[in-house]
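Next comes just one chain, in structure tokens: the form predicted on its own.
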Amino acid sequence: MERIKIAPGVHLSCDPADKFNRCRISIHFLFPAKRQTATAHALLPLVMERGYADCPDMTQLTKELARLYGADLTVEGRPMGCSRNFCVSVTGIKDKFALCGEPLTRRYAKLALGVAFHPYLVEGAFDPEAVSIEKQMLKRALEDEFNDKRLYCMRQAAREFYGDSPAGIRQEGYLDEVDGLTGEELMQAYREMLRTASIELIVLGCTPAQTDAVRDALLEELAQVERAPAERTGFIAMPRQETVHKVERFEMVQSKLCMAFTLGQPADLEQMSVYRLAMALYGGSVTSRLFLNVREKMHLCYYCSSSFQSFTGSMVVNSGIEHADAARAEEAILKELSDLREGPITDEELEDCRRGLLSGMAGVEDTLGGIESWYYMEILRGGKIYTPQQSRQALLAVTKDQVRAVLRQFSLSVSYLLTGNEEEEPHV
């Protein structure tokens, strides 16, 4: 993957990806998360995926994608620590496979740039009808969060963990703000994104000439935009604290327990392979301690897994449990962490987890989406950009002592329990 700067705050990353019969053009906008525009930025991808100036409704857009041999368009937003990512991506077959010699790549670029820079507007604002429809969809998604108790528990734990930090801004938006959003406010949020975002153009599966044409087309669009790219937010970490225990009660069959841990300091970029193997050993694989011991041997959980967030130096353990087993489950989860820190780690379990990770990483380059996700995450971390092969080699060198040293850094900050309406509150 080659990466070059093409304008202030704008980079091009490209790979000819010759083994694929498809190509992919993606425009990533990364900008600081702000509380006052959180709900607008949650709604923005939903509205912009409906169409753009040349295809102002979903019927026309669907027809255009069909004419492009079933090309795929995705518009999505997601959190990245204290920042927010907005991405427009188009994927379709390469020009050489077009039946009538159509310049497909040029049309993919026009489509992606049209969606990103030329939204369908009515009197200078987003279409009121589209905004109204997608507001109802966003409201439904926010209301459904409460019904998905696993998701609700995870988000409640995250809100308690991050507090007023920018990383705690709800990327899904705020329910009480949805009704009041207007097309004008959405337009203001969109323009602020264009002005402040750093932009990563990722072109995969295209020839050098095609890539140059996509680059030039993007630069032409940016020449029409007032730009003042904000400085990227680096890694953060929540400070260590006394563990906070929260309990919420509902009429529910299965309790949910979410435990949030902090490193207490930003994640070390050079330790990414160690973090990966540590998570696989603790709770990130089917050969992990949490899966084999807490779930399979002790039968305390229906599921129990751990994950690591490098942008915020945090680890989260999620589990589904019986109401009466909450205290025992938390105790067992903490004991497995302590045992990994201080006790023996067998060669067999270490290598089982390592092989599992290596197998998963070997498949990263099997799809254009996998390649894009890998390198964009490497770019966002801000250090040296490692290829999947280099990361696999680094993983092979990780030792038991390095795993222990990383796991010793984590301390429990928040334990959030959703449980049933019983007379006695479980002691956690």
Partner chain sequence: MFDDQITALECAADQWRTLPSGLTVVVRPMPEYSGTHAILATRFGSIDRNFRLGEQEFSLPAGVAHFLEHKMFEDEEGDAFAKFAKTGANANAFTSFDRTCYVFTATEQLDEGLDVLLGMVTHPYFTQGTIDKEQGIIGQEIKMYEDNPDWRLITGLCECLYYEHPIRSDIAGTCESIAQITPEMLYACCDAFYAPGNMVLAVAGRTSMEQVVAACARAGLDAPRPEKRPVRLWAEEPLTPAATSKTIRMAVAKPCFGLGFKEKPLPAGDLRDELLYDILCGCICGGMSPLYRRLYDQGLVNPGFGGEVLRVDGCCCILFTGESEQPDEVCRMLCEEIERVRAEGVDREVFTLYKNVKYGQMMENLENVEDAAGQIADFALSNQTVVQQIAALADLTAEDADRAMAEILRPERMARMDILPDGSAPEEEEE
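Positions refer to the first chain, counted from 1. It should be emphasised that the depicted structure is a prediction, and the values quoted were computed from it without experimental measurement.
Omitted from view is the form predicted in complex with its partner chain, to which the following refers.
A single residue from the set Cys301, Val131, Cys87, Ala278 has any heavy atom within 4.5 angstroms of its partner chain in the predicted bound form; that residue is Cys301. The listed set Arg328, Lys149, Arg232, Lys246 contains one residue whose heavy atoms approach its partner chain in the predicted bound form to within 4.5 Å, identified as Lys149. Using a 4.5 Å cutoff between non-hydrogen atoms, Arg22 counts as a contact of its partner chain in the predicted bound form. A residue is said to contact a partner when one of its heavy atoms sits within 4.5 Å of a partner heavy atom; Thr399 fails this definition for its partner chain in the predicted bound form, lying far away. Residue contact check for Arg50: one or more of its heavy atoms lie within 4.5 Å of its partner chain in the predicted bound form.
A residue is said to contact a partner when one of its heavy atoms sits within 4.5 Å of a partner heavy atom; Glu226 fails this definition for its partner chain in the predicted bound form, lying far away. Stretch-level contact analysis of 328-336, 313-321, 75-83, 263-271 against its partner chain in the predicted bound form, using heavy atoms and a 4.5 Å limit, identifies 313-321. Contacts to its partner chain in the predicted bound form (heavy atom within 4.5 Å) from stretch 129-143: Ile133, Glu134, Met137, Arg140, Glu143.
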